[in-house]
Ligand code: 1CP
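For reference, the chain that follows is the form predicted alone, supplied as structure tokens.
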Amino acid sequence: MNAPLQNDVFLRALKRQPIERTPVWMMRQAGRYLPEYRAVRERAGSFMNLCTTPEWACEVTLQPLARYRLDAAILFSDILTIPDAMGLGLEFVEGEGPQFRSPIMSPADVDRLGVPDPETALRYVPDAVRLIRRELDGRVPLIGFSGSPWTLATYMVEGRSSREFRKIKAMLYDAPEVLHRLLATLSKAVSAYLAAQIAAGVDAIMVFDTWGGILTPTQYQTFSLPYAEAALKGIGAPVDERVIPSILFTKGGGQWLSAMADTGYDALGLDWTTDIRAARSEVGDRVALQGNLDPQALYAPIPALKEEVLRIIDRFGHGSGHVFNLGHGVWPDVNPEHVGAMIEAVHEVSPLYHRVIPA
């Protein structure tokens, strides 16, 4: 049985309920910018070992909460765990990032894929969730996550990180029916994976569509958005009848916010290229918004950084429905003191935007 939440401002903001201040957490908040993370990473010996050992994943998930007044923890894992469980053989090469030993190279490779059972092939993830929830003891909500079907497909076809995305774009143009089969399988896998995290105890879920922004508008609404929507709808209701808010983040997706708001997600993540006031005007009261400080602002002198925090909160305006975050993940060489200054600035400034204004 999970302990009652002592701080639910993040969940209330996602549901656009009245709150006393703007909640704040940070993408990649557990990671290389923290010296305590680097120490655990060294003990683990490899990034994959860190991800697949629940005790270490738990430790690094909780590290930022020991430093900062954050309103949510996010499971420490990687978006490429699903393709790894499908048999593609994930490895992280120093200085080069993630690579697959057996990438998708033919229609037959796609047809051989199955939906992995999260409680067997990915058991370390729900095990980590259960351990983190126990150690959190209700302090803040825990966020679970997955890569979107489209973003997972890009890595699986390219075989690694890419700047040009030539292979996945070639499949899109030359063999769209094969790509649709791949995305359909991945949407089922993402649904099962997120459902397992919910069953293990996460309080909210987030889908990272990191590479949706490389698509044309027509391609995005053909190959990315429908499969992100299908992944959400395929989860089903939790057996314990909890309400699990959901966030969809498409990097570079500011032009498609209205369509994204119609998918059923409770909130949309914004990168730093989108004006949050314009985004709020476009989506109205359909969804909450999350974001969207430029991650590079964390390199600024602290007074300038605080000004940027205020600018974003002020651009969103009064009322609920905003979760403060970066527009993408924190960079590894950021000074942890600047992260703390950003978080404290949100705590200091945001209550003014949630006071009831007399008529």
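From 1 onward, residues are counted along the sequence shown. In this text the structure is predicted, and so the values were computed from the model without any measurement.
If you look for the form predicted together with this ligand, you will not find it shown, but the lines that follow are about it.
Of the candidate stretches 180-188, 202-210, 132-140, 110-118, only 202-210 has residues whose heavy atoms lie within 4.5 Å of this ligand in the predicted bound form. Using a 4.5 angstroms limit between non-hydrogen atoms, residue 295 is distant from this ligand in the predicted bound form. Of the heavy atoms in residue 30, some are within 4.5 Å of this ligand in the predicted bound form.
Although the partner is absent from this view, residue 47 contacts this ligand in the predicted bound form, with a non-hydrogen atom inside 4.5 angstroms. At the 4.5 Å threshold, heavy atoms of residue 41 reach this ligand in the predicted bound form. For the candidate spot formed by 79, 92 and 98, every residue has a non-hydrogen atom within 4.5 angstroms of this ligand in the predicted bound form. The listed set 155, 193, 265, 150 contains one residue whose heavy atoms approach this ligand in the predicted bound form to within 4.5 Å, identified as 155.
Exactly one listed residue, out of 75, 86, 257, 214, brings a non-hydrogen atom to within 4.5 Å of this ligand in the predicted bound form: 75.
Contacts to this ligand in the predicted bound form (heavy atom within 4.5 Å) from stretch 259-276: none.
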